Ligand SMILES: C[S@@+](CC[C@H](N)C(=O)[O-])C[C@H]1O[C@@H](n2cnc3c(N)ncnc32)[C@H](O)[C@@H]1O
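First comes one chain, alone, set out as structure tokens in the form predicted on its own.
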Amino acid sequence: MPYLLPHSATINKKLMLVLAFGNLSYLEACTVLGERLSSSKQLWEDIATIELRDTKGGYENLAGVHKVAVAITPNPHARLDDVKEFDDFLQGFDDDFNFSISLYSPETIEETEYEEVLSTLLSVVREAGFRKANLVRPRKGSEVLTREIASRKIIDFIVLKVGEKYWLGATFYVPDSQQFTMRSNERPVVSSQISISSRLAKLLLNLSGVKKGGTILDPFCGSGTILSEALMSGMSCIGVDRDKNRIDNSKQNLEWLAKTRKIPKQSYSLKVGDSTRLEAVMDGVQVDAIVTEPILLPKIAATPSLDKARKLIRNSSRLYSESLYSMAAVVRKGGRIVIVAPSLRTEEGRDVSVLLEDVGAAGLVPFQPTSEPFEYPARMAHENTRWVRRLVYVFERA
């Protein structure tokens, strides 16, 4: 995994996260880092800051971040050309390093504003004696992308504009997202209409809290994306689907994965069955967690009207409710249910969503990764679809 700075430059417990999926990524970071967090805050949709109790790393487990940056300044500054911490930070580098400036703000960033920030920090670098350091500009916008940072070994300085002040950091870790893309695209059965990405599947598994050696169940397994990522993480898994064709698709993909990654076949099992009657399907077996995206909406070819969206969501909500009771019966006490629910954006600009609120009767409570209550559902940012969006709930069996 590409760590981009010398270890000595990352001995800092205050970090900045550039989030790939917004609120959902923030939930993942709080879940994975958990007890190691002394504080955390989502500043805006794509940016969060955290402070850790230690410097043990573990960022390679996060699937939902684009960048992890170490904070150079402890808090925002009014001026970027008078930051002593930046001068001190630069002393650890050779004269001819490649560097870039990525500017983030909750507001639209004008080109002139980015150019002003870039010019200011370039002057600071030059005045610090780094005459040969090479500035790499973004291909467009105000952010240098992670794939370019990793391939060209760029030191990417992060600037967060918070109000009228600037918070300075440096990217030191980016995930190898290419591996997720390969697993999504190279498997034998690729069904983009009903399948989530491998990267999102990994994030959902992280929310489950299951470690290597544990067992997860996906009762709507489709083509097996979640199951595949579970196997890659060293988990055992069980896939259930009422559609035999989908079970066959999962089997092909899991056999391919087991062969190419040398994973024992006994690590997974597949069953044709009804997700609303899991006790009978599982025959008394309980699992450590359930991670699933039910496929409970028909294909929608155009933006739905408000009336149509309400009808579709009403029908889907009934199935979600029945399935949740069934899931709660087969997950162990203390185990989690990570479930994706749909939300439809209508012609009228309204959002109509499957809301899972009254779950206490099923013995479930919302999972809270930190002492600060997290508000569900977690919403996934930057979706590819125009009118079908994802909401994520994480419940714990009491």
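Start at 1 and count along the sequence shown; that's the residue number. Fair warning: this is a prediction, and the values are worked out from it, not measured in the lab.
Note that the form predicted in complex with this ligand isn't included here; everything after this is about it.
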| item | value |
| --- | --- |
| Non-hydrogen atom within 4.5 angstroms of this ligand in the model of the complex for each of Ile226, Gly273 and Glu293 | yes |
| Segment that reaches this ligand in the model of the complex - one of 115 to 123, 165 to 173, 91 to 99, 217 to 225, heavy atoms within 4.5 Å | 217 to 225 |
| 4.5 Å heavy atom contact, Arg246 to this ligand in the model of the complex | yes |
| Contact test in the model of the complex: Asp156 vs this ligand, heavy atoms, 4.5 Å | no |
| Interface membership of Ser195, this ligand in the model of the complex, 4.5 Å heavy atom rule | yes |
| Proximity of Ala258 to this ligand in the model of the complex, heavy atoms at 4.5 Å | no |
| Proximity to this ligand in the model of the complex, single hit among Lys251, Arg147, Arg242, Lys311 (heavy atom within 4.5 Å) | Arg242 |
| Listed residue (Val285, Val136, Leu319, Ala128) with a non-hydrogen atom within 4.5 angstroms of this ligand in the model of the complex | Leu319 |
